[in-house]
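As a starting point, one isolated chain is supplied in structure tokens, in the form predicted on its own.
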Amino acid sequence: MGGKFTYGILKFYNPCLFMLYLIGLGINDEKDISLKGIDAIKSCDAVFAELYTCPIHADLSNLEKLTSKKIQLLNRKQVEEDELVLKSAKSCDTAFLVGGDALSATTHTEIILDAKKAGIDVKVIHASSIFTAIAETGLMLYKFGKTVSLPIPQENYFPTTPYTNIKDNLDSNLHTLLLLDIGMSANKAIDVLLELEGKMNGKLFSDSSKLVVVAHLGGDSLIKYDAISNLKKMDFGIQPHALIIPSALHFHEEEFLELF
């Protein structure tokens, strides 16, 4: 009794004794989580999750059964504005589950910074990520340049930065991983690239340009390497999708891509 009571008093006066676990769920479903991640969830008093930065097909109820913990799914406002995860970690051991790797999104690195400033210990538990899973295409990871995000165009909002970033990568003979906005299909992304080409006229894309489309990697992975004119007609199934704009290919990369 005395030991537990003393520990409780120490936790009350020293918030550093509380732990925030930032746990990656992997890129396919809840089965991608590591055993270390499962153990961390079991040790926590509060468990939260978000699936908007990396939308995966996770059935959180399966994790609840496995860990005997209730998992509260949060939206962007609850994470980034209301700071529910950080508030919880100030009073108890807390787990925060995220799609993909724990640190793929800048939102999560900001949570770590805020936690450290608040005197909260943080433990990161990594998982599979799109940034490594793309090696399944046969393209060499060290030949990728800056990762580019492609937003869905809105009225009076059609940024051209993605196009210029792709051009910079190609000028440096580097491949580009193009991450798509939430809800954007590969087909829509190709249309947006062609629209950008019409605006910028940098001769990066035409119907004969060959791209790589990857869909639901880590599960029933779908990879297609073909000309834009053919890719536009294909159905890539459930999201998330991503595109790769390849630069000049090493002969091993070209041989591998021909499989798709």
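Don't overthink the numbering: it's just position in the shown sequence, from 1. Not measured: the values here are computed from a predicted model.
From this point on, the text means the form predicted together with another copy of the chain, which you will not see here.
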{"item": "Non-hydrogen atom contact residue 31 with another copy of the chain in the model of the complex at 4.5 angstroms", "value": "yes"}
{"item": "Distance check, residue 66 to another copy of the chain in the model of the complex, heavy atom within 4.5 Å", "value": "yes"}
{"item": "4.5 angstroms heavy atom contact with another copy of the chain in the model of the complex for residue 104", "value": "yes"}
{"item": "Distance check, residue 235 to another copy of the chain in the model of the complex, heavy atom within 4.5 Å", "value": "no"}
{"item": "Stretch in contact in the model of the complex with another copy of the chain, which is absent here, among 71-79, 86-94, 185-193, 132-140 (heavy atoms within 4.5 Å)", "value": "132-140"}
{"item": "Sequence-ordered list of residues in 178-196 near another copy of the chain in the model of the complex, where near means a heavy atom within 4.5 Å", "value": "179"}
